[in-house]
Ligand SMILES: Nc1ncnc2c1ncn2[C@@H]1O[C@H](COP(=O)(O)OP(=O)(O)OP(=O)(O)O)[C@@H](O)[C@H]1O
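There is one chain below, alone, in structure tokens, taken in the form predicted alone.
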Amino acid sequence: MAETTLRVSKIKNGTVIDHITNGHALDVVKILGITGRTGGIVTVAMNVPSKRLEVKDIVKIEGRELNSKEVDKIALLAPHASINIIRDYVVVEKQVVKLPAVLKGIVKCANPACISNSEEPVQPTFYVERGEPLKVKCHYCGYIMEKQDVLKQF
């Protein structure tokens, strides 16, 4: 008989990011700007057994609910993640991240000659190319960035 244990404790209020692609929990923490120096409990679980993904990562952030821009950033790294908003130990909202077709103002173009990197007030805009691995194409110069290019920006 297999032993069942709760590996990560429940949180009273905050956000649980579940089903993160294994190996990307620390990237998720980084893109959310969590440094560990500002208080608040953050729990990171990596390589957790999962029925859906085989192995997954989990991040629990107490006392913080994510905004839509943060959810879009997470979708870049973990397209199968789910976001659970917790209040008084109860899941009050659950959403599966969805990578938008167009990204505006989330990442910058890696092409230094792109107009979006000039002094002009132009918001970086990218079209997400469907499929794996992640690729995004700049609206202005056509430069294609891959997952590792995006990760460098966070």
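Numbering starts at 1 and runs along the sequence shown. Everything quoted here is computed from the prediction, not taken from an experiment.
As for the form predicted in complex with the ligand, it is not shown, yet the points below apply to it.
- At a distance threshold of 4.5 angstroms between non-hydrogen atoms, H19 is in contact with the ligand in the model of the complex.
- Taking non-hydrogen atoms only, K10 approaches the ligand to within 4.5 angstroms in the model of the complex.
- The ligand is not shown here, but in the model of the complex it comes within 4.5 Å of a heavy atom of I86.
- A residue is said to contact a partner when one of its heavy atoms sits within 4.5 Å of a partner heavy atom; K69 fails this definition for the ligand in the model of the complex, lying far away.
- Here the chain stands alone, but in the model of the complex its contact with the ligand, taken as any heavy atom within 4.5 Å, falls in 87 to 95 among 30 to 38, 119 to 127, 87 to 95, 106 to 114.
- In the model of the complex, just one residue of 26 to 55 lies within 4.5 Å of the ligand by at least one heavy atom: R52.
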